[in-house]
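Starting off, we have a lone chain in the form predicted on its own, written out as structure tokens.
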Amino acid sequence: MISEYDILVVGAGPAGSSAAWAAAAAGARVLVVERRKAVGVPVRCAEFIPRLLLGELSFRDRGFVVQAVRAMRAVLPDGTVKETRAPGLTIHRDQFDQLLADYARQAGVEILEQVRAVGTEDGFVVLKQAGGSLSRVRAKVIIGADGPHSTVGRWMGLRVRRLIPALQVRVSLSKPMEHTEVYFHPWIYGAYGWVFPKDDQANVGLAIAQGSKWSRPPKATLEWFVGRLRHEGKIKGPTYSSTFGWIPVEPLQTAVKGNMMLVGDAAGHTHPITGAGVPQAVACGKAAGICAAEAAAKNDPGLLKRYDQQWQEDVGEALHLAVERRKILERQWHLLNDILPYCWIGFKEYYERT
């Protein structure tokens, strides 16, 4: 049996659900397929979002919020602390993703869990259910929101060229924190360690760029970082809930080909310096959904090019500036303390054109 839709979205994270929600609100018939058993599980995120994002989403239910955060403290290699006002929220990311998916469902989107998009065949997309059975779907537009190793991106011949590994554990805090902390150290090459509070607990993790003499084994480095925090008295007890993921650090130049488009991590919309991805996923997801709905309604895939223009206008400048700052950061890592004002968003020098 063959099902037909205006739009097929692969992946039900913030990018996919936002795209589906926007497309359905514009009148499109939308199917979302999610390979995982439950949307948002397992969590692979530090679970911090800027407070402004809630206004854009207009959520009535905010049960996913854990606590408010007022600032971000950057701990530099020489021990200097730079505090930046950064109003935000730490969240239960799985609940956040599930709420976005629920809003998409309420708009008329059909979401199938434990279903993979495994290939294309004669203009159809082949879907594989958890039990192994296959089905085919025809869609006027296909949106890949399926992460940094995107299957849809592979069909398009597009892939995010640079990814760095990130590891995270959950720990207990010695005392409450009303701010996030990021740590820069020569051992954490090309990135930083983080402590993001969640009431009496925190997500502690780090990312490390690979392929340099400065690169260290991520797992051993995380163990060292956790030991440092424990020695400083910031955390206590054992670690648990270990997670691993990949962070895109360079956006695609184009996210559209034929009747297919990419959004979120699949398009490299994650910030190449901070690793933040949820705000861009939501904004670019909305833009993708609106463009896809129009292209499907007019049966004109050429209109999808407007999406490339839109996301470049919305987030392209910030992402490309971050790519340039990352090049400086990695190339001059031996001068880390000196170059950080130009390579971290908490300093005014970061935004100065060189």
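The numbering used is simple: start at 1 and walk along the sequence shown. It should be emphasised that the depicted structure is a prediction, and the values quoted were computed from it without experimental measurement.
Here the subject shifts to the form predicted in complex with a small molecule, a form of this protein not shown in this document.
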property	result
Complete contact of 181, 197 and 345 with the small molecule in the predicted complex (any heavy atom, 4.5 Å)	no
Contacting member of 188, 101, 247, 260, with respect to the small molecule in the predicted complex [4.5 Å, heavy atom]	247
Sole residue of 117, 139, 255, 72 within 4.5 Å of the small molecule in the predicted complex, by heavy atom	117
Per-stretch contact check against the small molecule in the predicted complex, the hit in 217-225, 238-246, 170-178, 76-84 (non-hydrogen atom, 4.5 angstroms)	238-246
Contact label in the predicted complex: residue 151 to the small molecule, heavy atom within 4.5 Å	yes
Contact of residue 35 with the small molecule in the predicted complex (heavy atom, 4.5 Å)	yes
4.5 Å heavy atom contact, residue 314 to the small molecule in the predicted complex	no
Heavy atom of residue 48 within 4.5 Å of the small molecule in the predicted complex	yes
